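The chain below stands alone and is given as structure tokens, in the form predicted alone.
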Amino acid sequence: MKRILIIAVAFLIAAAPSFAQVSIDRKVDSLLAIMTLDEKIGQMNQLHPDIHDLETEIRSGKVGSVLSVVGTEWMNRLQKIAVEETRLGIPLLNGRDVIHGFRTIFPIPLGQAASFNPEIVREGAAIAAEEAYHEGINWTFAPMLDISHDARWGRIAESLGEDPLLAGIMGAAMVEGFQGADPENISGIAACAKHFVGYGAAEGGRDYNSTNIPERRLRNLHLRPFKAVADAGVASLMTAFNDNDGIPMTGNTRLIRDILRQEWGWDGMIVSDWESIREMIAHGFCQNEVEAAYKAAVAGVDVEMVSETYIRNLKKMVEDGIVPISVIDQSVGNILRLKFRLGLFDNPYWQPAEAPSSEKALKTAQKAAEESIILLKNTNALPLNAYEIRSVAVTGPLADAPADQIGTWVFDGDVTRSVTPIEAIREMYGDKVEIIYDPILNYSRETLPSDAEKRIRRLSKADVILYFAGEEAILSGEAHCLSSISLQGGQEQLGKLLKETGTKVISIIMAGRPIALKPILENSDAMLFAFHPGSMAGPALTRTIFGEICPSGKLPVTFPVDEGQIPIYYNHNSTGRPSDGKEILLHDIPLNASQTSLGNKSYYLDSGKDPLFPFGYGLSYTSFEYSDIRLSKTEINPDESVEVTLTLKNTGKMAGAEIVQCYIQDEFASAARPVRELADFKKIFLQPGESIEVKMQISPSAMSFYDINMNYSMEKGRFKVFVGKDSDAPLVGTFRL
């Protein structure tokens, strides 16, 4: 009987006239028609090898996907059971967190976003997909698209920044890198956009916490990057841990069925986050796991990750008429559709092959790291000239930290591929300058040793000190939130002591989040910031320090002066009493002053209104001149775009790239709009003296928003246009819609 059914399935979905010519939906419908209820619910169950006996569970038909099975031999053994020892032979998905590389590690996503280069993001994801597939993985839980305005949140490291346009563009590039260009015929591994939605706004920057985001803000900000990757054909999506306004995302019918499925028409697969279905009990949203399974299934969560409430409860609820069979069929249809798009019914097994080229991977990882480096300060201290200096001192806890430089959420990274800064400096410049190395601090949280001052005196004999500070990888990522974002341990104290020697100090910061840098910035002659740059941090930073390349990265998030300014972000609303920067600060208040509101503006008495560094900020070794900026039109109709044209010239002495940024402000609307929003950006590379005409588009979508009636629309009125090198770009013109 089993053999007859397998042949029947093969005939229905593969025979007529050819497998490739039959639409995927027809294949899905044909297979659904002969599946039992048990087999359908089994497809909705995802298990982990540390918790379950996978072989037994798969053989019994209770598993549709697994996660974190690494190795083709192991995965093929499990796949063989699914394909050859179950009634219908439906192949398995194998998911894994492949976040910013697999064996070869690229900059953390926040660092990749700093490149403002979707192509380098696409290339990195493609390499990660190749390396992961070689180890038996066909599904990754990336990209993460959470918009966060809180540097205390550990998972900001996995994000693509605070701007929805940037996150959407970079996220779509990552999806294409993982999956290939055709969403209907995935040539790599399936991507999974997470976490749907609002997770980055967790209260107090505490992981798993509640959010309270009104629908207009949810649509205008947090949903935008998800819409971008849905349009790009992302294969799957993961629900978030948080509840928003009391409704856990894993049970949010309004968001999943009404917006994602009906409004957007997206037909991919939805998976819960780890045990997030059962965690709806802890939220107080469900009394027990029966209710949790019901609410998640009815909301539209197709696959349950590890908590098994579906496999234990859905069958009875269907048989009792509580859950319609149509709900199950919709979810299983989404799962099968993804398996067909991956080609698993034709080629379920991983074929032995040569390992992907590590040379190509490392070269691409180095380019990504180079483009992610941001120059925050430079008093003519950088770049170094190896022919003008005789000695370099290297110190700090991140100078030789191969595991820490690759950053958070790396389960499979090959640390032997890491090239640290001290290794790279020795290899690339050890024959040109004397190198004095002493880390002083062995890790970022260590306090200064008793002999620190003696050791610092030795370092001060060099012509320049390179101070590699920052965070250990473990200090950011999931469940690694901080109430203080200052440098840990004795790092600020060490920076002060280094500066007091009188020797030039160049600080290089590697971290998983924005850092409160003001104390160390004041004690640095120059500063480079590199969100954990990955395997090739050393060569990328060394080439930048010694001027082989010109830094071009820009901040994808706002850097606060201190934690008290959080949340802080560039695209905020004006308020009725916006600050103009002329307010009285704490040190200006005279003793025994009478009670006054000190100017009636929105700001802090101690840290003012401005961040330490704005979104989009980043210096260069060369200089760029913007000129002849003009708008194509001063009045447009709703279906028209405005083209912004300018001439960009490299007026310095070094080749380099500039990220030209265009922002707009809708001055007056039925609902208050941000003071400015990123409308377009271009990364332009120029030789010294070279100039180019740059064209940027302000599209109808850039001008659209959810209005007072929650309709997505454009409203008549005047728009301001700002163009420049960061979010403080100057006003260059206006147009009227």
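So that there is no doubt, residue numbering starts at 1 and follows the sequence shown. These figures come from a predicted structure and were not determined experimentally.
There is another form of the same protein, the form predicted in complex with a small molecule; it is not shown, and what comes next is about it.
query: Which one, 603, 429, 546, 241, lies within 4.5 Å of the small molecule in the model of the complex by heavy atoms?
result: By the 4.5 Å criterion, the partner-contacting residue is 241.
task: Counting non-hydrogen atoms within 4.5 angstroms of the small molecule in the model of the complex, say which of 32, 67, 702, 675 makes the cut.
output: By the 4.5 Å criterion, the partner-contacting residue is 67.
- request: Report whether the minimum heavy atom distance between residue 97 and the small molecule in the model of the complex is within 4.5 Å.
  value: Because a heavy atom of residue 97 falls inside 4.5 Å of the small molecule in the model of the complex, the answer is yes.
query: With the partner left out of view, is residue 529 within 4.5 angstroms of the small molecule in the model of the complex by any non-hydrogen atom?
result: Because no heavy atom of residue 529 falls inside 4.5 Å of the small molecule in the model of the complex, the answer is no.
query: Heavy atoms within 4.5 Å of the small molecule in the model of the complex: does residue 339 have any?
result: Heavy-atom contact with the small molecule at 4.5 Å: absent for residue 339.
query: According to a 4.5 angstroms non-hydrogen atom cut-off, is residue 305 in contact with the small molecule in the model of the complex?
result: Residue 305: contacts the small molecule in the model of the complex.
One stretch from 339-347, 269-277, 634-642, 467-475 that, in the model of the complex, holds residues within 4.5 Å of the small molecule by heavy atom: Of the options, only 269-277 has residues within 4.5 Å of the partner.
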